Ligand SMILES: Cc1cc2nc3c(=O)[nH]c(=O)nc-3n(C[C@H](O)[C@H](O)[C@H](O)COP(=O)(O)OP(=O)(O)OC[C@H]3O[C@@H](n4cnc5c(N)ncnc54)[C@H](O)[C@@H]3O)c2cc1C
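Below, in structure tokens: the form predicted on its own, a single chain.
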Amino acid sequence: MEKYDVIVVGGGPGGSIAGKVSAEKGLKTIIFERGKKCGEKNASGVGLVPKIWRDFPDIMKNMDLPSQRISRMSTVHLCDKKGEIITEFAWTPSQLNDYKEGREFMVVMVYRSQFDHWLSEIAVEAGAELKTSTLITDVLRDGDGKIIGVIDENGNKYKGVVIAADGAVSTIAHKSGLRSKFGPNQTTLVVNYDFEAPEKKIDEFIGDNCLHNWFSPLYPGAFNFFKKDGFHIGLGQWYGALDKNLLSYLNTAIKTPAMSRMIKKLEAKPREVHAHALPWLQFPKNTYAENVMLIGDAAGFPCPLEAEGIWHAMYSGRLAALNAAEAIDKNDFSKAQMKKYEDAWIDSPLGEEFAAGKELQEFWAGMSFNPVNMGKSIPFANNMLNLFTGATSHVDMASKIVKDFRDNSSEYIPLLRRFIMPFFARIFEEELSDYSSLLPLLEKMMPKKSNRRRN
């Protein structure tokens, strides 16, 4: 049996950060990765959010990967039942963000195969041992049944504090008794096509507007992310809501007039197809056991709104490593000590992501991933924007919109009540008293009824 202070299972972003932090604490650390190198088995590309630069500045200031492309703008395309765009809008970073990167860009697009490998090299430089092509198949228990380490596929045994970064279908979570697997309404299946495209074409037609989302009655919400010399188009759905093969939805999406024009304009050629499971929870539970901590996808940490999970993995990896260092220093590997990790992530920006997790997850499931509901909502959104056109008077258009809402209230109101209002109610739940003073002011601002006539 080989003895370590910290054993990290999985060489993704969370695992590498956990390994790096543990090694920097002077702990004997090993990272197990089933692939030949970290990132080899990860699907396509990803958008790295500014929070990663905020929370890991010493690492991220040195990132210079061949695929990276900065996205300063995010664009949403709302399409009709023929697949044509009828409404689209874009936005740039908010200047309300209180750190530089948050005000400068939306995401930095990279390929996971490059990013994960780069992070693993940083962990090794910090002193962590990396063991690739190794599959961990079980936890190691002592004579009293307590978890003391892990066992690999060849029966080799390793002792140490276990940090599980082994993804949505986590072996460690299952073998430690924390859960068998995420349920059908907690896990999505994601499929995507990766395209190769000339960098010059992407620069010319896309530039830094390289974060796109597509919504239509024809398919669940699709994403379209551009890297330096390529892009991927994908979509997903909760396992419990799958009504047909997701590739058929994806094929429908890329053949729609709007998407096919984009692909043709960019002279893009498909090069790979990917599929993977992605946790999408309202709130993560059971993220620790005696001598075990779950991080990243293994814990169910992807954001409940858009399921971004890289920052979440890295942040939870650091918290787990810090708790492992404390446990080793105190020689205490009990559940009570491991619970300090869960307490730490709940009382952190990571836990804040799930403050409205139920409402956010239900909104995405009920609206963005529901083609029927999007078919009802997209025309209404387009009508609202027509307040700013000159086809008829603005008052007349407003009246038409109100009449449309009244005539179709049986469709609109249930959607608002079920998927929109709960989020705002949750956000304002504890702050409503702060806004009560605004009510008299708003009443004064309301115009009195009058009869207006042209002279």
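In case it trips you up, residue 1 is the first one in the sequence shown, and so on. Bear in mind that the values here come from a model prediction, so they are computed numbers and not experimental data.
One more form of this protein exists, namely the form predicted in complex with this ligand; it is left out here, but the text below deals with it.
Proximity of residue 320 to this ligand in the predicted bound form falls outside the 4.5 Å heavy atom cutoff.
Contact check for residue 47: a heavy atom falls within 4.5 Å of this ligand in the predicted bound form. Using a 4.5 angstroms threshold between heavy atoms, residue 117 stays clear of this ligand in the predicted bound form. A residue is said to contact a partner when one of its heavy atoms sits within 4.5 Å of a partner heavy atom; residue 171 meets this definition for this ligand in the predicted bound form. Residue heavy atoms within 4.5 Å of this ligand in the predicted bound form occur in exactly one stretch of 94-102, 212-220, 159-167, 325-333, and that stretch is 159-167. Checked against this ligand in the predicted bound form, the candidates 338, 206, 310, 259 yield a single residue with a heavy atom inside 4.5 Å, and that residue is 310. Shown here without its partner, the chain carries 237, 284 and 358, none of which come within 4.5 Å of this ligand in the predicted bound form through any heavy atom. Although this ligand is not shown here, in the predicted bound form the stretch 1-21 places heavy atoms of 9, 10, 11, 12, 13, 14, 15 within 4.5 Å of it, in sequence order.
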